[in-house]
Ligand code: PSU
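For reference, the chain that follows is the form predicted on its own, supplied as structure tokens.
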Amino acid sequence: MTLPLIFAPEVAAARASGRAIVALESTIITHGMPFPQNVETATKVEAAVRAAGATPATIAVMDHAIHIGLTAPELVALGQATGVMKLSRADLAVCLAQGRTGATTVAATMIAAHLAGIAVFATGGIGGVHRGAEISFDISADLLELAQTPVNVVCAGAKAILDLPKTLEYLETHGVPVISVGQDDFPAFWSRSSGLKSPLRLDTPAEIAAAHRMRAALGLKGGQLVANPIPAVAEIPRAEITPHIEQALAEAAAQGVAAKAVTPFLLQRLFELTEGRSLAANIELVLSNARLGAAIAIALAADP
């Protein structure tokens, strides 16, 4: 069977000329913000990748195909679509077979990027081990995807609503390199530090690209988690955000919020509790990750 991939004209041109490409997810468009802010933010992230010298490829599923890059009209249509599936590894094939519209999470974006020959993916934060996972077994598929799909995932760490020590332990067990950029601490999404030491540190895009190439040469499976601290001017310090996280978690437990509903509930409550600062910080960290992703992709394209 021919792979069901459709390349946007801009991405097809970049592939043909060997230019750097950065994959971007689409759940931020369909499940992260309301229209038109979702499309405006996605457009800003794409513009940040272009300004840094690479080509953005926002990934989504539409009409029986994985779209590698979206045109402006497609982006607007996706931003207004209803009933959009939130896709991970488990449901990607079903969405394609049924011809439904789907937005890709970290795991599904990694799969699609690898199929398209894209080695760098910039996002906000990855999923991880949820608090209470020893009872619920709630562990994001993002972590196993990092263990098997050779894509560099540039993020601001795992979302701080998660159990970060267990998330790092799980990644170590599965052999995933966790690389913090320019600092020894592992970042915690809205905050530059989680209070946990990062397993690895690299300071430049060239070093990250070199590590990626070495993993390929050694035949090691999986990708690299590149943890890029949120810019200092945009962060919400850990001491300030932690009480809000604890309150949101307590409310979720009291209301019986579970499974896939947990993360959206917590993010919405944090938006309310921080009077919008959490969303503003989220946007800034995604833009920062897009710029770093472009620099890594350029380093890889320069010495394939």
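Since the structure is predicted, the reported quantities are computational estimates derived from the model, not experimental observations. When you see a residue number, it is the position in the sequence shown, counting from 1.
Beyond the structure shown, there is the form predicted in complex with the ligand, which is absent from this document and is the topic of what follows.
Chemist: Are all three of 86, 159 and 282 close to the ligand in the predicted bound form, meaning a heavy atom of each within 4.5 Å?
Modeler: Judged in the predicted bound form, 86, 159 and 282 all sit within 4.5 Å of the ligand.
Chemist: Heavy atom within 4.5 Å of the ligand in the predicted bound form: which of 52, 236, 252, 267 fits that? Just give me the one.
Modeler: By the 4.5 Å criterion, the partner-contacting residue is 267.
Chemist: Looking at 223, 125, 187, 102 here, can you tell me which has any non-hydrogen atom within 4.5 angstroms of the ligand in the predicted bound form?
Modeler: Result of the distance check: 125.
Chemist: Considering only heavy atoms, tell me if residue 28 and the ligand come within 4.5 Å of each other in the predicted bound form.
Modeler: Yes, residue 28 lies within 4.5 Å of the ligand in the predicted bound form.
Chemist: With a 4.5 Å heavy atom cut-off, would you call residue 263 a contact of the ligand in the predicted bound form?
Modeler: Residue 263 belongs to the contact set for the ligand.
Chemist: For residue 145, is any heavy atom within 4.5 Å of the ligand in the predicted bound form, or not?
Modeler: No, residue 145 sits far enough from the ligand in the predicted bound form that none of its heavy atoms falls within 4.5 Å.
Chemist: With the partner left out here, check for me: in the predicted bound form, does some heavy atom of residue 106 sit within 4.5 Å of the ligand?
Modeler: So residue 106 counts as contacting the ligand.
Chemist: Looking at 168-176, 224-232, 137-145, 200-208, which stretch has residues with any non-hydrogen atom within 4.5 Å of the ligand in the predicted bound form?
Modeler: So the stretch in question is 137-145.
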